[in-house]
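Shown below, as structure tokens, is a lone chain in the form predicted on its own; questions about how it binds or moves come after it.
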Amino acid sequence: MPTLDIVLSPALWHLQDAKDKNIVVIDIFRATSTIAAALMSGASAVHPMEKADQAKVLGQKGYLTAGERNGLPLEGFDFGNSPVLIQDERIKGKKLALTTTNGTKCFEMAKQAEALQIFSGAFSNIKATAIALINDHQDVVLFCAGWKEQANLEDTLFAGALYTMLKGQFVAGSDAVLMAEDVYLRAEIQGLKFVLSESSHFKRLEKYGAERDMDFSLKLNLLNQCVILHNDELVLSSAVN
């Protein structure tokens, strides 16, 4: 039976061997939720980039640009990092260059791991992602972006939710998996938003008026395809089949 492990923050990534495994990058508030929303709204691809200057270069080549630092939109970019506002007619058929504080650098880190496949994980396509991982039947690493190298509640909670859907098909690879599962099961009883409303990232984004983004980011299964990295760009699974 394949193994599933969870890395709770980028600071712990160097301890994980993800070679020949499937990686799911998770940044619920908000990069991976924004990626799913953009593709769901007709973007042909999303290119995750660690640095803003890199995204600007692609912007000069015809990409739309989206990004934030410390939760706030970047000046001169077409969009911020809002899964609600990214659902815009302008992105249909376009490629999007996205740079964020936490999530996009994790794709860059994952690319160095010689993984089998790299997925982008969001509640909006959690079922499709779970099905793809089960069908592939390979070891999995869930990579939480956290906040500035620290673990955060929303990414850990999502990792736990995904594991509960995979449990029985995968063996837990560390105590981090059991911790994330426990976080999710407790939050499921009380309500995800209620539990997350006490988290630091929720309060930070709420201060910026981004509560609609967080509501959207917690919606389940709006997209019936998984999102995978193909030629350095994130696309819907149907685009590479």
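Note that residue numbering follows the sequence shown and begins at 1. The model shown is predicted, which means the values in this text are computed figures rather than measured ones.
One more form of this protein should be noted, the form predicted together with a small molecule, which is absent from this view; the next part is about it.
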{"query": "Partner-contacting position among Gln169, Thr101, Gln87, Gln138 - heavy atom within 4.5 Å of the small molecule in the model of the complex", "finding": "Thr101"}
{"query": "Listed residue that, although the small molecule is not shown, lies within 4.5 Å of it in the model of the complex (heavy atoms), from Trp147, Phe123, Phe79, Tyr163", "finding": "Trp147"}
{"query": "Contact segment among 191-199, 65-73, 174-182, 39-47, judged by heavy atoms lying within 4.5 Å of the small molecule in the model of the complex", "finding": "65-73"}
{"query": "Leu205 within 4.5 Å of the small molecule in the model of the complex, heavy atoms", "finding": "yes"}
